[in-house]
Every structure is written in C-alpha cells, then in structure tokens.
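Just the one chain here, laid out as structure tokens, in the form predicted on its own.
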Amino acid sequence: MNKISIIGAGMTGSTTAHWLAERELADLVLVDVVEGMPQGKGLDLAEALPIVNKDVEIVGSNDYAATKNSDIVIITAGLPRKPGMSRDDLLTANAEIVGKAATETLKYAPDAIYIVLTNPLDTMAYLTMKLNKLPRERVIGQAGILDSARMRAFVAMETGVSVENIQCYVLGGHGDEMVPLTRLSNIAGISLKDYLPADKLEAIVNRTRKGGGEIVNLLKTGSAYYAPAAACAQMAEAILKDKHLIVPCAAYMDGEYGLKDMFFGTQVQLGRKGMEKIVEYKLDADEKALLDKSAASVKEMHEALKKLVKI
C-alpha cells in the first residue's frame, strides 16, 4: 500500500486525510505538534471507514518518525490567515514551521514527493525545495487547482451551467495578483469572453482573486479547508496513479515564461515521479503583462524569505 503523510492535523490537514481515505489511495499518517489531536482525528476517521467500506490504515502522531517511507508528504502545517491579514504577513511564522516539517520528514522519507499547501504558498514551496536540496520534480505547490476551482464555481453560479462543462485556468502567484485566463477558460469549448458579458466576467475574476479572503472574512476564526484539501487529494491521486494529469500547480521555474529560480503557478503534468513537465500557453500581450506583474510580486516574497533563512 502507498503511504501519504500529512503534516498539520488542523482543518485542512484532517480534511485532506478525509478526501484521501475515501479514495482508498494510501495508508495515511497525520502529524501535528498538538498532543492528542492527530491521534484523535486519525482514530475518528478510522472509525468512519467501515461505514463507507474503505480499508485504509490511519495513524496520528506527534513524532516525525511516523512518516517513515512515505511516498508523498503533504505540508499543511502553519498559521492560517486571519481577517485583515495578507498571505505575506504569514511569511516569518510559517517559514519556521514549514522549514522544520520539510527537513524532519526528509530524514524518514528520503524519496518522498512534497505537496506544499501552507501560505505564502509559492515561497513555502521554494523553501521546501531549497532546504531539502531536492530536484524540482519532487516539490509542487497546491494553488492553481484551488483558484481554478473557485473560478469554475463562480462561473457555474453565474450561468447555471454544470461545473463539468466549465474549464477555467488560473496561473501566477497564489495571491491577489493571480492571473485568471479568461480567453482560454471556457464553457463546453466556448471562451468565457464570448459567453459572458464583460462586466460579469470581470466580477468573477475579481472574486476569484480574493476567494480565500472572502472565506476568511466569513469564518472570522479560520480559513478555507474543504476546497484546498480536495485539491491536495487530486494531486496525490494523479501522482500515485501515474495519471500524467495536467493541472495548475506551483512549480519551480527554470526559464518557462522567462522566469527562473522561483516557484510560480503554471500548468503542470503530474505522474509517479512528481512534476513531469510544465505546459506553457502562448499568451497575448495583456496576459503576459499580468503574468509578469504576478511574478514580480512572488519574486519579492522569495527575496524576503532569503533574508530570513539561509537557502
């Protein structure tokens, strides 16, 4: 049986375990610093599995040794955003948390592929790869699947069309400068630019960019977890099943779109070795300008990280 370890057993980590257990993809380990929490959530989830007829072993632990021989390590640990807080505000606190999670798990799971969810997402993925000195294929950030799913949901709400007919593509950094590609996004092959009035489409783009913040403001005491967790599960499934699935993820750029030495949201093909390749779109001038603006924002965050951590 494959093995997936989830670092951070809060709402996102435990919901990721839930989505994964239902898919019967792998045995699961939940690791958290809070004593009893991963053990309790793991046991509760294990007791649910007979009801849904799934055979998965679930272990909760406060010790990274439990992650031994994991095929995939998913890092969700970190402080969530609070109302009025930007993803950037989280940098200092979460760099320490993610840095430890990355280096400790590598001791026990030297061949693992990393999926990073903690914000600021692109920068935490960069930290994980650099600290662990891993090839870029083995570290992927979860962001674009979530952002694209939010956009698909908003388009479905506006049009009344099934989400199955709606394909949306969001590139760029996981923040307010993300780039929803309205020209390439479509409903049953018809570009959103042709399907929706310009003002409606603009409203959907803006809501997508601020999708995480909208939920933070509504919840008041936490951030989104159902959709981010489902996105992590989709990535893990694509990797373990060697699906060669093309999805938007944060990947280490080495010349793609003219970008280097940074993590950035792009279309990525996922298979058993992790990131198989980056798929580049031919962008028009307006799209390229938005992408460059987003890249500058992400690069700034990477530089801030380098002042905090020697990588």
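Start at 1 and count along the sequence shown; that's the residue number. Since this is a predicted model, take the numbers as computed values, not measurements.
One more form of this protein, predicted in complex with a small molecule, exists but is not displayed; see below.
The contact residue chosen from 77, 95, 112, 134 relative to the small molecule in the model of the complex is 77, the criterion being a non-hydrogen atom within 4.5 angstroms.
Note on contacts: among 118, 105, 148, 128, the single residue with a heavy atom within 4.5 Å of the small molecule in the model of the complex is 118.
With a 4.5 Å cutoff on heavy atoms, residue 33 counts as touching the small molecule in the model of the complex.
The small molecule in the model of the complex comes within 4.5 Å of no heavy atom belonging to residue 25. The small molecule in the model of the complex comes within 4.5 Å of a heavy atom belonging to residue 223. Put simply, residue 90 is close to the small molecule in the model of the complex: some heavy atom of it is within 4.5 Å.
Listed stretches are 182-190, 204-212, 158-166, 69-77; the contact stretch with the small molecule in the model of the complex is 69-77, by a heavy atom cutoff of 4.5 Å.
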